[in-house]
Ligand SMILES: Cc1cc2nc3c(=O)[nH]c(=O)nc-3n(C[C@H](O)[C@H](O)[C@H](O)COP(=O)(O)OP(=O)(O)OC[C@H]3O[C@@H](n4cnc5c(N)ncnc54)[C@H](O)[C@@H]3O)c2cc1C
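Shown below, as structure tokens, is a lone chain in the form predicted on its own; questions about how it binds or moves come after it.
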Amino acid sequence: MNVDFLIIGQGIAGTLLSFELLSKGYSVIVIDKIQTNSASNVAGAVLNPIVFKGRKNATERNKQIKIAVDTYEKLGDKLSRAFIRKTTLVKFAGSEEELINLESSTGLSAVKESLSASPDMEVAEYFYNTHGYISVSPVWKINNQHLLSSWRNFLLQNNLLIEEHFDYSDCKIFPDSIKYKNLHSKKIIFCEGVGALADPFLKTDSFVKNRGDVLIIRIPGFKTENIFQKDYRLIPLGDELFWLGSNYRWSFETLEPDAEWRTHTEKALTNWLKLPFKVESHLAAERPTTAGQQVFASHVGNHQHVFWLNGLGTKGFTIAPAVIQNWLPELIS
């Protein structure tokens, strides 16, 4: 079987890259073994135009979000699904000084729009609010699990996905092509996320491993479309379920849930949320992190037909569409 592109990995990078290539008429095969606790599946997946801390480039961020919103809407149209919704982010201040800084940061965004659903009543009724808050709207929530599973089903239905772990020993690189088992491809792109650490073709030491924990909680009686953030981010998933997280751990041996973090997080939520809640599940995922948040979208070493797309980091759902759009001309040339 001959194809134009062989894509390894179906996280957000592999999903969006395969979508763009197929949309342009190229033939694609994706190889991926499903992993429910992958970084793309566990991510909060919020597009937020405001950077509350660190370096700020409002113009670039707003451009990335515009491209992202357009891409997720097009993907939804392709599959007759809705993967993105517009909402409001309510950011609570931890001090009066932080509130002043938050109010200042909102002025850096060129994306401004008033939404009909004001969070004021929800804040007063459901949260302890000592130092005030700001509202950012619109922000966008991506239903990442629905998006990834829907695209996976599309690939399967069209015989474009091989569900297996990629066997590097079965991959042969020739001067003008790639051979993997019975597949012949013009180019191969590794979109493996943390799997890049074990990829013999990449041989990279550019990544530092870190892990993040997330709680899925149920809050009976709390029905909202808004996202709330203080020490952690609280994102509604529907049916009174919420995503709560996350953390960063740079030193770890396993991906077993961090019981100490869970205890600390539940205590923090109790001090913030007036309603009782129940933890439904505790998830942990490993993410690759690069120095300076460098994104890799290029060919690998001297191999002109071997590429990788990686290093998207915690803002992957925001920046991936723009990164791919900018990189595609080089990839398909």
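Residue numbers here begin at 1 and follow the sequence given. All values derive from a computational prediction rather than experimental measurement.
What follows is about the form predicted in complex with this ligand, which we do not show.
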Determine whether any heavy atom of Phe228 comes within 4.5 Å of a heavy atom of this ligand in the predicted bound form, and answer yes or no. no
Does the 4.5 Å heavy atom contact test between Leu6 and this ligand in the predicted bound form come out positive? no
Any non-hydrogen atom of Pro138 within 4.5 angstroms of this ligand in the predicted bound form: no
Is Ser105 close to this ligand in the predicted bound form, meaning a heavy atom pair under 4.5 Å apart or at it? no
Just one stretch in 89 to 97, 257 to 265, 126 to 134, 166 to 174 has heavy atoms within 4.5 Å of this ligand in the predicted bound form, so which one is it? 166 to 174
At 4.5 angstroms, heavy atoms only, are Ser18, Thr71 and Ile324 all close to this ligand in the predicted bound form? no
Of the residues Val214, Leu155, Leu234, Ile189, which one places a heavy atom within 4.5 Å of this ligand in the predicted bound form? Val214
Hey, which residues along 235 to 252 are within 4.5 angstroms of this ligand in the predicted bound form, non-hydrogen atoms only? Trp243, Ser246
